[in-house]
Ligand code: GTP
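Next comes just one chain, in structure tokens: the form predicted on its own.
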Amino acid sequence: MVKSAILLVGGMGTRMQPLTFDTPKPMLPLVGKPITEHQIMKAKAAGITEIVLATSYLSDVFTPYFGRGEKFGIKISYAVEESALGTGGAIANAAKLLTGSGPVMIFNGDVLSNHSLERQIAAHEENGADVTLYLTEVEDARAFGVVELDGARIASFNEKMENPPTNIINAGCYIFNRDIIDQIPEGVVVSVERETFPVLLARGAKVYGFVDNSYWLDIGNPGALLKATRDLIESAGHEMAQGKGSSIDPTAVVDQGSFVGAGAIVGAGAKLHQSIIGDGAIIGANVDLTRVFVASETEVGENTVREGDFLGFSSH
């Protein structure tokens, strides 16, 4: 059984700037909880009992929030990279902290999905696989690693190309047997996508795909974070959501999957459309925001009108 996991959360998130100048991308709030928390709870629900966060950029932000995992009901450890080691290097570095000896579930830190971890684990065991990749189909596969299948077995893996042979992509969740991880060199930069997977295929290793076409989203830029927020809120049957202690004036309009953070105040006549309001922010009267991020503790003066903007974030 798969009881151990690694969560790759070391990226800088340059496409998320300015949101990531002071916050690592996996710690950005998604309906009031960090993206990482959503992934940890998904892993726990699938029977994972220990998880290592492979951190690098702003690594000290994770520990105060997650601790050792007591309040989340799962053992959490931290593997800190002094310099980024790539996906493969991060996996090799983090695996040293795992106490279990069985297969390891590995998550990319910027993916939101409804795919079944339980069914992926079952497929890995049934196939006697060395590695099992979660795959999904997209309309335009050029921005992703593309997979060709021979039955359920992976025949080829091509990382980001202009004319992909299929629309089946690497969706960023893997199961690796421990002996495969042990073969990844330690302390050097290694990409599983560009190096490990092609080498395994050339060697004839048992690399299988698990295709699941349920909800999947790469949260790689601010627009995707807005979409993820809206999707989660609407999947719960709501137009908006708000954090603990927030206050929204009865004459305000908050819709299209907007989220109002804990302790935030939204004034009279304000209009918030598909926007994210940080904790403790104050939105003045008659403000009109569409697809706008407002940083925590930021005050937006009355009658302000903005679209597709960032308010209150540091500019490095």
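Because the structure is predicted, anything quoted here is derived from the model rather than measured. Throughout, we count residues from 1 along the sequence that is shown.
Note that the form predicted together with the ligand isn't included here; everything after this is about it.
- Taking non-hydrogen atoms only, Arg15 approaches the ligand to within 4.5 angstroms in the predicted complex.
- Among residues of the shown chain, Val52 is not one whose heavy atoms approach the ligand to within 4.5 Å in the predicted complex.
- In the predicted complex, Ala90 approaches the ligand with a heavy atom inside 4.5 Å.
- At least one heavy atom of Leu85 is located within 4.5 Å of the ligand in the predicted complex.
- Taken together, the three residues Val9, Glu81 and Gly109 all come within 4.5 Å of the ligand in the predicted complex, as judged by their closest heavy atom.
- Figure note: of the listed segments 257 to 265, 272 to 280, 64 to 72, 23 to 31, the one touching the ligand in the predicted complex, with heavy atoms no more than 4.5 Å away, is 23 to 31.
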